[in-house]
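Below sits a lone chain in structure tokens, taken as the form predicted on its own.
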């Protein structure tokens, strides 16, 4: 795979080794922090490296002087990238000690050929080297239909999984079913209420603790179709467990259907109740106890106003403070049942035993206080060999033409994911969910996300892909199909592309492999959406220049050679956009 940033870093490493051999740098320096990245400002060149900045301290040198030495060491070296080999680059030292790199047009022309030769695989990486990664996402309580916040977590998790797969990891997508505890018992009682109503009993208003949405009316009808009046008038001890299982099964069916609407599937569903019933939780706690990490103790009272039901009592506690948490954490409730934290520890222990050194959990922002304790537990059980990264998804605020949208009759208290997706479509929903960092609140306006304008990022990116295909269709009217194949376009006279706007677009395309790796390393799929918007903007700008200046049109009847070179650029643009949209889970439009 060609990656101009990675290729130049290899050249840089060779220059650093040469400086070490000459005594300019000490031997055995840690080079892991040396990075080569796209320059943030065009005035600073096309790539930049922090090598002198991060090595100045360990080598006891002035950063600027070291940068100048490194610039001299790089001068006249041959650079290899994308089939190019030569000295077509310049390196300049800039205060306080950065190196800025500029390339000749021939380097970028070689990058364009490499894109066409790689096709859909351009940007594929072996960064992960086949390492196993578990991503747990969605994991909504099975007590009702999914809301738009769940949908955001679903898209973030699914896009992150696709991103890591492109970067060479082996990913398992997991859904953790919270099917134990008080909330599913409340669900069973709510279902029983609807069951009695459906059988003709007049009950009045539902209890406050019940789930009020109308979705349980359908579930009650399904229960009657299955069991008839079997549970009517029976004591709670007889119907609670079977109705709980029936309700959870129906809710999970609805959740799977909702996820299918946005193209999300999971490889693994793990039941909290099963972890308890098979003894996995007890085994986990025994392992922690053996390590001296569990004790009986009394926690300090909560800061601020005390809850009315708080009392100082002895509890079974995990020594979370040994691993960076603020306080030790309870593992058992007053009734002797496990806390959610205890079952979650068992779930993460199972993942570690299944061979996942890296685990990523995508949670709602309301679980932010839970992060440190879970990471503490993973550190304790994994002995430092396992890593847990938690991505918190902030709220999605719904609007319609600027007015807040707050409630759904079917759900009772919120707008369901299904209602939103049916209104705007899967592709719009998925893309918009990645137009902000996951830890930032996202405003979703039904009117704005469906309008066809440059202010709508989904439309803007898909329109760029559709425009590229429109150009290729017009070209097909005058040229044989063989001339427009990727391998044929890779052999076009690409060096004819000389306009600054053309070269700027090639530079953006060439940065796609590095963008994939940096986004994968940071676990930030929103970077893909940001990149696609920038790429689309540069292509639309070039299109507009062609409308204004005839010499910049993609198809020139008077110059077939230049036409093929420009078609090569258009085709590469379409390949990279399609590659990015595939990670996001959005279909690339060929006509709009």
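We call the rigid core whatever largest set of C-alpha positions still superposes within 1.5 Å between the two forms. Numbering follows the first chain given and starts at 1. None of these values were measured; they are calculated from a predicted model.
Just so you know, the form predicted in complex with the RNA exists too; it's not on screen, but the next bit is about it.
Contact check for residue 61: no non-hydrogen atom falls within 4.5 Å of the RNA in the model of the complex. In the model of the complex, the RNA sits within 4.5 Å of a heavy atom of residue 365. Taking non-hydrogen atoms only, residue 560 never approaches the RNA to within 4.5 angstroms in the model of the complex.
None of the heavy atoms of residue 493 is located within 4.5 Å of the RNA in the model of the complex. The putative spot formed by 175, 245 and 270 is not touched by the RNA in the model of the complex; no residue has a non-hydrogen atom within 4.5 angstroms of it. Heavy atoms within 4.5 Å of the RNA in the model of the complex belong, among the stretches 68-76, 453-461, 481-489, 235-243, to residues of 453-461. Residue 315 is the only one of 125, 315, 321, 379 with a heavy atom lying within 4.5 Å of the RNA in the model of the complex. Only one of 212, 425, 330, 357 lies close to the RNA in the model of the complex, with a heavy atom inside 4.5 Å, and it is 330. Contacts between 502-535 and the RNA, taken as any heavy atom within 4.5 Å in the model of the complex, involve 514, 518, 521, 522, 524, 526, 527, 530.
Residue displacement note: residue 50 has its CA displaced by at least 2 Å between this form and the one not shown (rigid core superposed).
With the core held fixed, residue 64 shows a CA shift of 2 Å or greater between this form and the one not shown.
Shown in the overlay between this form and the one not shown, fitted on the rigid core, is a CA shift at residue 40 of 2 Å or greater.
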